[in-house]
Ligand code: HEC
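Shown next as structure tokens: one chain only, the form predicted alone.
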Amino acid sequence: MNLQSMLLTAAVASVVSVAAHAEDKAAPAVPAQELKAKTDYCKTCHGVSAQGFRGAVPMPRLAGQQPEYLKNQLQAFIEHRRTNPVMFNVAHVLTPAMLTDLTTYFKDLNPKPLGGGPKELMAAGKKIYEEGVASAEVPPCASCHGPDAKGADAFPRLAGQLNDYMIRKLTNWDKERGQDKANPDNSAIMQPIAHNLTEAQIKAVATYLSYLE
């Protein structure tokens, strides 16, 4: 083989190698069938299109949720900073690639909210969400969760979340969250807010958020 042929062969091999590498990089981190099996499993509790599910124990909406927030909370389950035996078992087997693909998948879902709270509470809930409760040192919810309640980065989406789920979480905050005081996550900011809201205020803001799209 002469020099020109050798150079041509090397060039072709280089192009093929680069193309193969690019294809590898473009390929999904988790096979589609494996990801579908996992998302279908999640939906057995979290409902069709991850819109949430009402039952004896309400299951939260994951659809449209911020990936960073979901990752933080799954890690909190793994480290027992947030208590939930079922979610510990789910979370601790997730690979980093699966975690990334799952949270991206849920972020892209956008089913209609289920609503469900008494609509007569919506005006009071909207006022709390937008203005806070100064007398109780509760800041506007919108200051962290955004004017549309869709959150950002580590701050979760609240729009469309099940009202009964939010009521349960806010009224039992200390029993589930922040179980490792030496290793808190960003949700620790909610502890005094949840503590200072009255039951009626919690129901109002939860109702308002449950109807937001």
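Since this is a predicted model, take the numbers as computed values, not measurements. A residue's number is simply how far along the shown sequence it sits, counting from 1.
Same protein, other form: the form predicted together with this ligand, not shown, and the subject of what follows.
When contacts are judged by a 4.5 Å heavy atom cut-off, Lys107 does not count as touching this ligand in the predicted bound form. Though the partner is left out of this view, Ser187 does reach within 4.5 Å of this ligand in the predicted bound form, counting heavy atoms only.
For Met87, a non-hydrogen atom is located within 4.5 Å of this ligand in the predicted bound form, even though that partner is not displayed. Although the partner is absent from this view, His145 contacts this ligand in the predicted bound form, with a non-hydrogen atom inside 4.5 angstroms. In the predicted bound form, Lys38, Tyr41, Cys42, Thr44, Cys45, His46, Val57, Met59, Pro60 are the residues of 33-60 with at least one heavy atom within 4.5 Å of this ligand, listed from first to last.
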